[in-house]
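Below sits a lone chain in structure tokens, taken as the form predicted alone.
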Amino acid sequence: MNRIVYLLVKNGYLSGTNYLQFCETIGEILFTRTLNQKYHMKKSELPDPFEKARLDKGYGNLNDQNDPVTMLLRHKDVRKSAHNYKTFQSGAQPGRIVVPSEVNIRDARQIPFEVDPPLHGEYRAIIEPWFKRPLLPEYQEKLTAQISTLVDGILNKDSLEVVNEFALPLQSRALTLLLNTPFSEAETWISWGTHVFRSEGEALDGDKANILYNYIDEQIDRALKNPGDDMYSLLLSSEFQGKKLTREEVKGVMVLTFAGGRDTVINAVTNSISYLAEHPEALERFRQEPEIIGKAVEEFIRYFSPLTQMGRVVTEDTEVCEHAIKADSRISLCWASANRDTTVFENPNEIVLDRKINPHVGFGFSHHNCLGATHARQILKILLKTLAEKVGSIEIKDCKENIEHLDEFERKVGFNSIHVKFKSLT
């Protein structure tokens, strides 16, 4: 730009008033372009707020209830630290590795989430086969029937609020399959809203958390009196190191199961629908190339990163990104930032439906990779396939973004509400 101005002035095209008018015009063009970039983004876009800090220093700082967190932003640092459980532990005070911290609303340890190796592996071996059931054909058939019925019920409605009227019911009904409990239980879970530990306008809500705890206690009592083939009964009959799991251990697994896959699945479903609304060619491509749906699911998880971060507690003085970190302080593994790292992903701010190389960390990494990932993947695969088969287009009518405020960062994680119209394919 400076070179162009220099040549115009040198050759007599700009002088005096003309020069000032030229500068004003260029300024207006640049200002308008900035406004367009900020306010005319597609509704489905999730900007990367971590880019500058990731490039400049590799970390960010977050004050969480007077328990500061050093956020690790680079893909390699996130994966390396996730693997190093001896220095960055999960088995700290219950609730402390969650961001925001939950130490003030619970004292029950979530298992195996808040346990380190080798005990972590022993706990996980007990429950992992149960969480692999979504790979079974009969499980997928039931999940397909659930999702197909839900989609049929919303086609051609004038308006549907996706978060509470579609994503929440979908997640709750699918959870009845994972727990192998009656379908009717989903209505109770739907009544809790999108997050089991939070109420609207509050970061954390101890009273609401007690609703979940009391419910799980009632279900454990029921399973003790009348064992069945549900997840509660399985856990109560399981052994850890030669002894039956205690009530608190069973409760810890169940709290994790309810809390860990709730708002994350809801965010993934809602963001996927918003993307399909603004990219109808993706629906057509799924119809023509259904074999890419699996890759598209992985790409949606990478790009949308339904869970922004997860914490660890430091066991000894150490250093990350040439930044000193003290023992008993907290770090977080920022999955959302790592999934946009340009040293790993080509065009990371774009959704590439058939991305070939995709080592995303949207489901975590190493020992603590998400226990419910198989279930979540099946939900999204079947949802995308069903939408491609039944929906011709999706129109966004209005929406309210869900923004996480992380001190120096503000991250859009999805929507608090989004009204759409699903138009039938035929």
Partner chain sequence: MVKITFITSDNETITLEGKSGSVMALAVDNGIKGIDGDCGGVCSCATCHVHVAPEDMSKTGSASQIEADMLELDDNVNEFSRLCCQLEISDSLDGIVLKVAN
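Positions refer to the first chain, counted from 1. No experiment lies behind these values; they were computed from the predicted model shown.
There is another form of the same protein, the form predicted together with its partner chain; it is not shown, and what comes next is about it.
- With a 4.5 Å cutoff on heavy atoms, K385 does not count as touching its partner chain in the predicted bound form; it lies far away.
- Contact annotation: P68 falls outside 4.5 Å of its partner chain in the predicted bound form, judged by heavy atom distances.
- Shown alone here, P359 lies within 4.5 Å of its partner chain in the predicted bound form, counting heavy atoms only.
- Heavy atoms of V344 reach within 4.5 Å of its partner chain in the predicted bound form, making it an interface residue.
- Although its partner chain is omitted here, in the predicted bound form none of Y275, R287 and K390 has a heavy atom within 4.5 Å of it.
- Annotated contact segment (heavy atom within 4.5 Å of its partner chain in the predicted bound form): 74-82, selected among 140-148, 166-174, 74-82, 328-336.
- When you look in the predicted bound form, the only residue of K157, H323, R247, K132 with a non-hydrogen atom within 4.5 Å of its partner chain is K132.
- Proximity to its partner chain in the predicted bound form, defined as a heavy atom within 4.5 Å, singles out one entry of H120, H279, K208, K295, which is K295.
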